[in-house]
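Just the one chain here, laid out as C-alpha cells, in the form predicted alone.
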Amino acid sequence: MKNIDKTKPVLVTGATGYLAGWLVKRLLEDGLSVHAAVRDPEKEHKVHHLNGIASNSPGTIKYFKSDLLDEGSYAEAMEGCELVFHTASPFTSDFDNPQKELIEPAVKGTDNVLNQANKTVGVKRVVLTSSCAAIYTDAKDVHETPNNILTEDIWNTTASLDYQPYSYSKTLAEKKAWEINKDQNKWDLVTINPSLVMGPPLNPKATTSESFSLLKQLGDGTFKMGAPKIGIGLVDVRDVAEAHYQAGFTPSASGRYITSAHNTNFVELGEALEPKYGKTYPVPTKALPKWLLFLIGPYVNKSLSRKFIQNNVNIEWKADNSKIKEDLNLSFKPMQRTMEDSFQVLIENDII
C-alpha cells in the first residue's frame, strides 16, 4: 500500500509517446509537476503539444534528456519523485534486426529505469507500460488457456526472436521488471497490459504508433475487398492513460492489469467506422476468406506470414478485464467512439 505525495514531481519516461501524451495531460490537469524524460527535448515538434497542454493546466512540465540505452541518464529526471511511469518502449513491425531494434531497447531500457529507481531516494512505486503481448502471441493461445480467456496469471510462452519478436520483447521486458522488483523492498511495481490501443493522438503529425498504420489501412483501400478477421482486443488510448494514473495513485493497486475494453477483430473495426465514414472511404465490412489470405497475405504484408494467418484469422480473442474494473474503478469507452475519434484525426490532418 503506497500513498503517493502529489506535491512531489512525477516522472514519465518516453513522454512524447502516443499514450504518454494523454498521461502527461491527465497529470498536468490534476496540478502535478511532471518530469518528462525524452530523447531530445530540443525537438520542438516533438514537445510543442505538451507545452500547449501545460500552459493551459495547473500543473508544470520540465524536460530531461534521457535515453533507454544510456545507463544513468534517468538519474536527474527521477530525483525527488515518489512515482515513476515507465512508458518508453519501441512499438513497430518495421525492423531489420529485432534483437537490436526491439529486444535491447525494451529490456535494457527497463533495466536502466528500474535500477535507477533502486538508487533514487524516495521512489515508492513504478507503473510500467507492458502489453497483452506479454500474455499471449496469437489468438490461438487464448484457446489453450484453462477457460479460453486471458487473465493476468498467464504469460506469453510462444513468441520468440524469430516469431512475433515484438511480443517477445514485451514479455522479456516485463519479466525483467518483476525480477528487479523482487530483489528489493523500497518500491512496488504495477503493470498496465493494454491490448491494441486506438484513439486520437495529441500530436498527429509525429505519431508513429503501429495502431495508426492499421487505422490508415482501414480507410485507404488496402482492405476494400475485405479485412482479415484477426481476433484482437481493443482499448482507447485515453482509457489506458487513466489506467496508468489510477495505478499510480490508488494505494492498493498491485500486480498486472489487463487493460482491454473490447474482444473484437479487424472486420468489426471496419464495421464501427462504416456508419459515419462508409460512404466516403472504402472501410471494410466483410472478412477475407482464410484460404485467400494464405495465398496473398505474405505478399501484401510481411507480418502476415502463413503461420500468423493460421494462428489468428477467424479465431476469437477474449480477455478478462474484471480486475482493473474492480481494483481501479475503470470504465471503458464504446468501440465506435474510439474508432471514429481516431479516424477523424487522420482526416483532419490529411493523413488519409
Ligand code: NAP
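Position 1 is the first residue in the sequence shown; the rest follow in order. Please read these numbers as outputs of a predicted model, since none were measured by experiment.
We do not show the form predicted together with the ligand, though everything after this point is about it.
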- Note on the structure: Answer key, the ligand contact in the predicted complex at 4.5 Å (heavy atoms) among 151, 181, 264, 211: the residue is 211
- Only hit among 116, 191, 167, 89 for heavy atom within 4.5 Å of the ligand in the predicted complex is 89
- Message: Among the candidate stretches 298 to 306, 313 to 321, 38 to 46, 284 to 292, which one is within 4.5 Å of the ligand in the predicted complex when only heavy atoms are counted?
- Response: 38 to 46
- Message: Considering non-hydrogen atoms and a 4.5 Å limit, does the ligand approach residue 130 in the predicted complex?
- Response: yes
- Item | in the predicted complex, residue 68 touching the ligand (heavy atom, 4.5 Å) | yes
- Query: Using heavy atoms and a 4.5 Å limit, would one call residue 85 a contact residue for the ligand in the predicted complex?
  - Reply: no
- Query: So in the predicted complex, does residue 343 come within 4.5 Å of the ligand, heavy atom to heavy atom?
  - Reply: no
